[in-house]
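First comes one chain, alone, set out as structure tokens in the form predicted alone.
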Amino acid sequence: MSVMYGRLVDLLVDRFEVDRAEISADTTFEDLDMDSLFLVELLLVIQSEFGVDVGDDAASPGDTITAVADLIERLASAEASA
């Protein structure tokens, strides 16, 4: 797993009280009973914690934790090279 994946898992555990044992690379936000309203809150926290500009619709409940970590990584790399 990537460093960004680990940081996202830590964020879910520490800020949103998700049980670490429930999270794996293929886990979706739906698997964690997180709806689109939760994702809006999560994306706002991601913007603050990771310093990336993420749109409100950048993730859906069906996305995996890995997919969102990859998105954050791409956005962080793009902003670092800009």
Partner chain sequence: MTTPVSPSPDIAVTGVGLVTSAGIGVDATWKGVCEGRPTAARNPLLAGLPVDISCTVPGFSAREHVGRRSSLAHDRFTQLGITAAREAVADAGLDPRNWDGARVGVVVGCGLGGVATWETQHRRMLEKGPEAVSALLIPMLVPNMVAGHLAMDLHATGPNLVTATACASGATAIGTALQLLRDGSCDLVVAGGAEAGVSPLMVTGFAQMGALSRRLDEPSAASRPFDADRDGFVIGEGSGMLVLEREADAHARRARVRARIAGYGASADAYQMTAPDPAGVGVLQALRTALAGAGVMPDEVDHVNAHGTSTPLNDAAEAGALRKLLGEGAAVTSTKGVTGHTLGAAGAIEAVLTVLTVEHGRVPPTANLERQDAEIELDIVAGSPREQKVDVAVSNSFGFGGQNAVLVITAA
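Numbering follows the first chain given and starts at 1. Just so it is clear, the model here is predicted, and its values are computed rather than measured.
In what follows, reference is made to the form predicted together with its partner chain, a form of this protein that is not presented.
- Taking non-hydrogen atoms only, V18 approaches its partner chain to within 4.5 angstroms in the model of the complex.
- V52 falls outside the set of residues with a heavy atom inside 4.5 Å of its partner chain in the model of the complex.
- Though the partner is left out of this view, D26 does not reach within 4.5 Å of its partner chain in the model of the complex, counting heavy atoms only.
- Its partner chain in the model of the complex is approached by E41, whose closest heavy atom lies within 4.5 angstroms of it.
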